[in-house]
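Quick heads-up: it's one chain on its own, the form predicted on its own, in structure tokens.
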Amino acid sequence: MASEPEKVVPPVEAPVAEPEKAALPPSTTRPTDYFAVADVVLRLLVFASALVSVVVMSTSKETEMLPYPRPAKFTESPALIYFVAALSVAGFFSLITTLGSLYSLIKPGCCAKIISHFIVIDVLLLGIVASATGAAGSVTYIGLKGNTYVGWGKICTLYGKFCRYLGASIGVSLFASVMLVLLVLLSVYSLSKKIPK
């Protein structure tokens, strides 16, 4: 018997397996919500500017020797007292809302409700700060320019340091007003992003 030649079978090439994509472990970090971070930063800026404005206004005192010593201080004008009170309230509430904003940054599930409350608080604070800045600005303007129609003279020629303090305080409160406008816009935009389409 003749033996049959063995058939040589070519070796089967093992299929080239595509490298498996390693399954990435689920990320334990949340993506950063930049709106919430900007909210915290703006609230801190409102607090800092309100605090600086109150401190500068409270320390604005100057005494000139006219026929007798005559001090100029913020407590002599109801508009300036209102300014200090309003900016104190704005600073206090901005500190509270900063803590709330930090809480919403840590626990993002409660954001929509907190943001809606913050919008109301921010609009009220904006109205208070803007009205106080306007009242203090008008008193400072009369001190700087006087009013010849009613016979009020310029006092900033006598009390230069006092008027510089007033001007600096009003400038910083204008910055706080702009930060509050940005906060309101940011909050409205953040809340609108959370509304399902």
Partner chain sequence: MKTLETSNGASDSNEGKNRCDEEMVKCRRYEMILRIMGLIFTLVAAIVAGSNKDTESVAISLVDGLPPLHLTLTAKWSYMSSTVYFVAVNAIACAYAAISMAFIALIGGGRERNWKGSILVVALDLTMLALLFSANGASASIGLIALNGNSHTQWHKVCYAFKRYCIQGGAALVISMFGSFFFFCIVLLFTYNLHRTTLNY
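Positions refer to the first chain, counted from 1. Note that this is a predicted model, so its numbers are computed, not measured.
Not pictured, yet referred to below: the form predicted in complex with the partner chain.
**Student:** Counting non-hydrogen atoms within 4.5 angstroms of the partner chain in the predicted bound form, say which of A168, V40, A130, V52 makes the cut.
**Tutor:** Of the candidates A168, V40, A130, V52, A130 is the one lying within 4.5 Å of the partner chain in the predicted bound form.
**Student:** Can you work out whether P108 and the partner chain are in contact in the predicted bound form, taking contact to mean some heavy atom pair no more than 4.5 Å apart?
**Tutor:** P108: no contact with the partner chain in the predicted bound form.
**Student:** Answer for G153 alone: is it within 4.5 Å of the partner chain in the predicted bound form, judged on heavy atom distances?
**Tutor:** Contact check for G153: yes, within 4.5 Å of the partner chain in the predicted bound form.
**Student:** Answer with yes or no whether L99 is in contact with the partner chain in the predicted bound form, where contact means some heavy atom within 4.5 Å.
**Tutor:** Close contact is absent here: in the predicted bound form, L99 is far from the partner chain, nothing within 4.5 Å, heavy atoms only.
**Student:** Does any heavy atom of F35 come within 4.5 Å of a heavy atom of the partner chain in the predicted bound form?
**Tutor:** Although the partner chain is absent here, F35 would stay clear of it in the predicted bound form, with no heavy atoms inside 4.5 Å.
**Student:** Taking the partner chain in the predicted bound form, which residues along 126 to 147 bring a heavy atom to within 4.5 Å of it?
**Tutor:** L126, G127, A130, S131, G134, A135, S138, V139, Y141, I142, G143, N147, in sequence order.
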